[in-house]
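As a starting point, one isolated chain is supplied in structure tokens, in the form predicted alone.
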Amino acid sequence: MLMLPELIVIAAGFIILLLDLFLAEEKKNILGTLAFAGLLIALGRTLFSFGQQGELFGGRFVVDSVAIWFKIIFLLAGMTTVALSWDRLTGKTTDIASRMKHRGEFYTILLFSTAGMMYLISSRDLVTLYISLELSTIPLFVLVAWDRDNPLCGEAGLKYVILGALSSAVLLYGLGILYGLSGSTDLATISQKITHSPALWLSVAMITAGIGFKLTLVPFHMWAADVYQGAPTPVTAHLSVASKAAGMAFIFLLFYRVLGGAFQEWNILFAVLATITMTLGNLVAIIQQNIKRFMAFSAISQAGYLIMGFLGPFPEGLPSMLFYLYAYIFTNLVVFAVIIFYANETGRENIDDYRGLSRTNPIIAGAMMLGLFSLAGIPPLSGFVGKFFLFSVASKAGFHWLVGVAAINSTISLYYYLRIVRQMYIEPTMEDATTLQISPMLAGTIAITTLGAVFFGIIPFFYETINQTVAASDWWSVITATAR
């Protein structure tokens, strides 16, 4: 059944919600196990779907290789978030202030958001596409403001919901213009009927602004630092990867499947957005002291690299973006897993607080260093390989100056990532530093994500697998058919 992975995730969410009403507090640890199991079963079913293509509801729901790769990303992000939040939801943290309540509702909302992301990439209709995006986004508003007793958390939730609602309104207006130009909500029909006009440019601008909020593209990034800092750290980790992947899925469907043939006319837009996004993100990250705000600007700069894959269209663009998304997810979650571990045990979130971590917890510090180096693009880690493929796409499109700008920005990013490495390995250990105990769940998460960050860099066949499976879908034929 084509929709079975989504139904499994939704069913798991409802089961957890019902069990939460009847289970005693001491027995509610099983809810996390059920959430993880539901996502794992859905992941297994999704992997089993490779090579299968089909559609439901008159073509409004489609499964192909591209959709499967994105769904794997969403499920992996959801599973990792469950693992990262485990200690905080079960109260197994040394720092009492970092504990979270209402685990049943937390897992349910997280699963529903994941299901929305999975429906999004399979949507082939403007209505289902927008509804899926809102199903994935609205639960995130709740998760960001989860700790209602924390003023920073409440402020983050308020800013996120206000700016998120504004971006959704702008996006919906842009989609409405597309409908007005074509008279249809079907993506394939729209791609055939739209003609170049000022109204189309206005629609593209509004859609870019709306989805730029999800991707933290400059100048639509203003929410990121405050929300990343105020939200519970597992939620911040989820935002940094899953929300960004959902935004990439949305913009892929609109710009590749609907407007793919006209890319040459506005790829300069993506080049400019990539330039200002990676540059501002890198420069502002240099002066950050709070590590969550630091990661917010790191995520902004990474978004600039990601959208370089839209400079085309070329068959290599989508596989390069998908590969970099996988590399980014593993790499970013390594860093966030260490941040969560350290905050759980000490309650500290400033960069200076990591002084001497290599002497108290050398393995954890090593994992953190690998994650940071991969984000900076140091070979042979996966971040370097991913950037190499994206830079190749930009170069093939003729944007050699952008490749130069991106290379300079990667050098700048190495400086501020090394700030944390310096604190861990060079600066003297803090006076009250002790060897910190790590839970099996967090230890396993750090180990798996670290292996992923290294594995995708040194094993080349993963990109080839993405390239071959994606080539078997119809995405490229759609673009060539709509070329004008």
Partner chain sequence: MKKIFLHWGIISGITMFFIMITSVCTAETNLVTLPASPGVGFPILSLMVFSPLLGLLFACLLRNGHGERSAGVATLLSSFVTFALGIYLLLQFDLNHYGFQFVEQVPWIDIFGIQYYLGIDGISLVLVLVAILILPSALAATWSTKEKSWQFQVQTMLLQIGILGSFMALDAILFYTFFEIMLVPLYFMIGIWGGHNRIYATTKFFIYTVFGSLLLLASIIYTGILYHETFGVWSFSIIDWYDLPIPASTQMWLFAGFCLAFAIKAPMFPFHTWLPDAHYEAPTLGSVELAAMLLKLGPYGIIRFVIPLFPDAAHVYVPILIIFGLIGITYGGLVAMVQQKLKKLIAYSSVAHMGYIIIGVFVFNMQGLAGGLIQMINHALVTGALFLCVGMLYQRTKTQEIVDYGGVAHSMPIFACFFLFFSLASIGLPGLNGFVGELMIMLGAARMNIFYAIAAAFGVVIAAVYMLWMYQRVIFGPIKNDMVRNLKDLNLREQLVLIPLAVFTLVLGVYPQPFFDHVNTTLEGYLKQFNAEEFQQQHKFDLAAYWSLKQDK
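Positions refer to the first chain, counted from 1. Because the structure is a prediction, the values reported are computed rather than measured.
This next part talks about the form predicted in complex with the partner chain, which is not shown.
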Determine whether any heavy atom of residue 267 comes within 4.5 Å of a heavy atom of the partner chain in the predicted complex, and answer yes or no.
-> no
Counting only non-hydrogen atoms and a 4.5 angstroms cut-off, does residue 379 reach the partner chain in the predicted complex?
-> yes
Is the gap between residue 283 and the partner chain in the predicted complex 4.5 Å or less for some heavy atom pair?
-> no
Contact between residue 442 and the partner chain in the predicted complex at 4.5 Å, heavy atoms?
-> no
Counting only heavy atoms and a 4.5 Å cut-off, does the partner chain in the predicted complex sit next to every one of 45, 50 and 83?
-> no
Which of 345, 353, 186, 316 has a heavy atom within 4.5 Å of the partner chain in the predicted complex?
-> 316
Could you work out which of 414, 209, 72, 271 is the residue within 4.5 angstroms of the partner chain in the predicted complex, going by heavy atoms?
-> 414
Only one of 416-424, 444-452, 33-41, 63-71 gets a heavy atom within 4.5 Å of the partner chain in the predicted complex; which is it?
-> 416-424
Contacts with the partner chain in the predicted complex - residues in 368-402 whose heavy atoms fall within 4.5 Å = 369, 373, 378, 379, 380, 384, 385, 388, 389, 391, 392, 395, 396, 400
